[in-house]
Ligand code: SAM
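What follows is a single chain, given as structure tokens, in the form predicted on its own.
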Amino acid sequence: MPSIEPIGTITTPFKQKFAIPRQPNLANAKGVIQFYDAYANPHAFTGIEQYSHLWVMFHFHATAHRGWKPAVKAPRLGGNAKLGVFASRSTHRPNNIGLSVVKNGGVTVRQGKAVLTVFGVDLLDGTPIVDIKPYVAYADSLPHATDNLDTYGSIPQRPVIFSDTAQEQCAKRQAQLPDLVDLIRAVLSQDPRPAYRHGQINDDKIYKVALYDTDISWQVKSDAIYVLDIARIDQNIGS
């Protein structure tokens, strides 16, 4: 029985599964892949700069303990209808392997070890990386491929409005996290709530999303996302 071992891990802004974009490239989130010593040889990446995008294979480590399911709930079907696992991109798979295409941000060498930067990630911070492969446009892009996703529920694109307090808080973090505002807009505009709630244009519940070291509080009013508060997570500990 062949075994698969990770070649490294990725650092991303997403500290929890909630609110991670449902597919890659729906938000321009940055990821940094650090490789284990056996795979960090810079020679292993010679020529990678020729490719604008890369395939990243990874392990769904946060849900692996739940095992796999032959039928899974599909968010695009409203969150309650089911598809076969092999007709979905569910995390609950027999081998817990995921696949994302991301933008190649380039390789840097730190203390003799290769580090790969990518953009458009949809991965939880600390996700184990299994393999990297180049995205080859002539073979991987199939313009005549079809699916039925247009007949399912579309991914929302709601306006995101920052309260005065949230704007002030973002301004204070601008130097440390210059992409924070854009990332919040990209993530929240897709309405991370469960799909069955998407029909609720007013929702009294206050939700929270962890990005980087910040806790973002928000709710839905008049079909828009209102960002209420942005706090440092370490400030909330023990409060």
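Residue indices: 1-based, along the sequence shown. All values derive from a computational prediction rather than experimental measurement.
Keep in mind that the form predicted in complex with S-adenosylmethionine is not shown, yet the notes after this line are about it.
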Should F45 be classed as touching S-adenosylmethionine in the predicted complex when contacts are defined as heavy atoms within 4.5 Å?
no
Is V227 close enough to S-adenosylmethionine in the predicted complex to count, meaning some heavy atom within 4.5 Å?
no
Using the partner position in the predicted complex, report whether I20 sits within 4.5 Å of S-adenosylmethionine, counting heavy atoms only.
yes
Determine whether any heavy atom of K113 comes within 4.5 Å of a heavy atom of S-adenosylmethionine in the predicted complex, and answer yes or no.
no
Which pick from H61, R173, R185, K30 sits with a heavy atom within 4.5 Å of S-adenosylmethionine in the predicted complex?
H61
Listed residue that, although S-adenosylmethionine is not shown, lies within 4.5 Å of it in the predicted complex (heavy atoms), from A81, A137, L99, A71
L99
Can you say which of 103-111, 160-168, 139-147, 123-131 gets within 4.5 Å of S-adenosylmethionine in the predicted complex, counting heavy atoms only?
123-131
